[in-house]
Structure formats: structure tokens, C-alpha cells
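Given as C-alpha cells, the chain that follows is alone and in the form predicted alone.
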């Protein structure tokens, strides 16, 4: 499984989003590759992703893509990340 963490420039907040997603996946007992993308590359990168994590604002900019987009309000809130991944991923109900 591949998760795409999308931020504006593909740097700071994207890396934070990736680290929190990786922690949440471990907590859920799930495995996935989490890659970071900037908003300019997100639509192309989405073609090979199973899920996208980003903010609501950037989700609007990404538009309609094949994988589901999960919006995260607080990148440092691990509980939010766990709950949203639990709801969005197969096997996340464990």
C-alpha cells in the first residue's frame, strides 16, 4: 500500500505528516509506504497511490483523483491521524 502525504512545497509539513502517518500505521499494526509530494506534483503522484493525506485546502487544489483523500486538520495530533487512517484503510478496523 502507498500513501501520499501532500503539502505545499513537499518539505516541512509534508515530512511531519509522513512521520505522524507512520506512527499511526504502527499503532494500527498496518504497513504502508508513505511518500511526500508537493502540491504541484500531487495529481501525477496520485496515479500510483492508494490514499492521499493532506489539508482540506490542498485537497480542493488536488481535485478529483482515483485514491481517496483524507484531510488532516492538526498534523501533530496523533489521535486524529489514527482515527482517520482507521476509517480509511482496509484492515484499519483492527
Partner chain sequence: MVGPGSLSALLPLRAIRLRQSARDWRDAVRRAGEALTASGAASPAYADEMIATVEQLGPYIVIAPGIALAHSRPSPAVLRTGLAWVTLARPVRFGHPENDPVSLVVGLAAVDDGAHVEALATLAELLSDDVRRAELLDAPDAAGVRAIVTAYEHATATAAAGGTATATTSAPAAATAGATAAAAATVRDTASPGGRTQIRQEGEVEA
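Positions refer to the first chain, counted from 1. Just so we're clear, the structure is a prediction, and the values are computed from it rather than from any experiment.
If you look for the form predicted in complex with its partner chain, you will not find it shown, but the lines that follow are about it.
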My question is simply whether residue 19 lines the interface with its partner chain in the predicted bound form - judged by any non-hydrogen atom within 4.5 Å.
yes
Is residue 15 close to its partner chain in the predicted bound form, meaning a heavy atom pair under 4.5 Å apart or at it?
yes
Would residue 23 show up as a contact with its partner chain in the predicted bound form if we use heavy atoms at 4.5 Å?
yes
I'd like to know if residue 58 sits close to its partner chain in the predicted bound form, meaning any non-hydrogen atom pair within 4.5 angstroms.
yes
Could you tell me if all three of 8, 39 and 74 have a heavy atom no more than 4.5 Å from its partner chain in the predicted bound form?
yes
